[in-house]
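Shown next as structure tokens: one chain only, the form predicted on its own.
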């Protein structure tokens, strides 16, 4: 499979995990996957500049075998990132103190994690998380992207900017929430573009760090962003489909979990319907946290009558 087709296949798998069953395909993408018979059909169309019919290609007569061109043997070398086997998950015993001092201690511990550091790119940074130690709402993603890894801060790229708009529409600021990822480093992969979802083993290693963050902050609600995050928090279930569990409540360490789409999904599929689905999830979160909801807020992303 060519690198272009492989990238398309990987993206389709990711969309499927997020519950997408329809996609819009650009013409450039179609050129990569169009069957050869369609190319032949196109060659019969009139030339747009001259207006003359195009010459029909010579096709093999029915019932006769066409000559088979020789096939050159090509050896393709596939390189995979060198990832050291992950050890057992760290054991975290929080020191005495208030939430702010405990969170500062934990951040120093995570930033000093040798396993996390050896999985970083040359200029990458560990991403601990940002926000209030007193936050009622705890937004959790799967893993840092390139922007987050470069700056060492969670949700600062385009998905993070969209998440900020969502929390602002809820009447909250970054000081009222906490945002982080299960995995504290960006997953390595051998492509010059895109992001690789973290494996269950990678998330398993960092889960004690996340549990400690949650234990310190004690939020009223955890918002799980995306299907991979849900698997990291609640355990892998191959039968779980994002389209069916999105907008429902679950539980992690006695704390209610609202399952919704990741902001990056909204950037790819930002229809009014999808935005409203996520907003209805946020309305449930606001109600769970006893936040006031105005009539204007209840009407966000509804079709105009």
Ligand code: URA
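Quantities reported herein were computed from a predicted structural model and do not represent experimental measurements. Residue numbers count along the first chain shown, from 1.
Only in words, not in the display: the form predicted together with uracil, which the text now covers.
Inset, instruction - May I ask you to state whether residue 227 is within 4.5 Å of uracil in the predicted bound form, using heavy atom distances? - result: Output for residue 227 is no: heavy atoms all beyond 4.5 Å of uracil.
Inset, instruction - Answer yes if any heavy atom of residue 222 is within 4.5 Å of a heavy atom of uracil in the predicted bound form; otherwise answer no. - result: It does not: once uracil is placed as it appears in the predicted bound form, residue 222 has no heavy atom within 4.5 Å of it.
Legend entry - Partner contact for residue 232 in the predicted bound form: uracil, 4.5 angstroms, heavy atom: Because no heavy atom of residue 232 falls inside 4.5 Å of uracil in the predicted bound form, the answer is no.
Inset, instruction - With heavy atoms only and a cut-off of 4.5 Å, decide whether residue 246 touches uracil in the predicted bound form. - result: Result no; residue 246 lies far from uracil in the predicted bound form.
Legend entry - The single option of 154, 212, 203, 166 touching uracil in the predicted bound form, heavy atom within 4.5 Å: Answer to the contact question: 154.
Legend entry - Answer range among 117 to 125, 134 to 142, 167 to 175, 97 to 105 for contact with uracil, defined in the predicted bound form as heavy atoms within 4.5 Å: Going through the listed ranges, the match is 134 to 142.
Inset, instruction - Scan 170 to 189 and note down the residues that get a heavy atom within 4.5 Å of uracil in the predicted bound form; none is a fine answer too. - result: The one in contact is 181.
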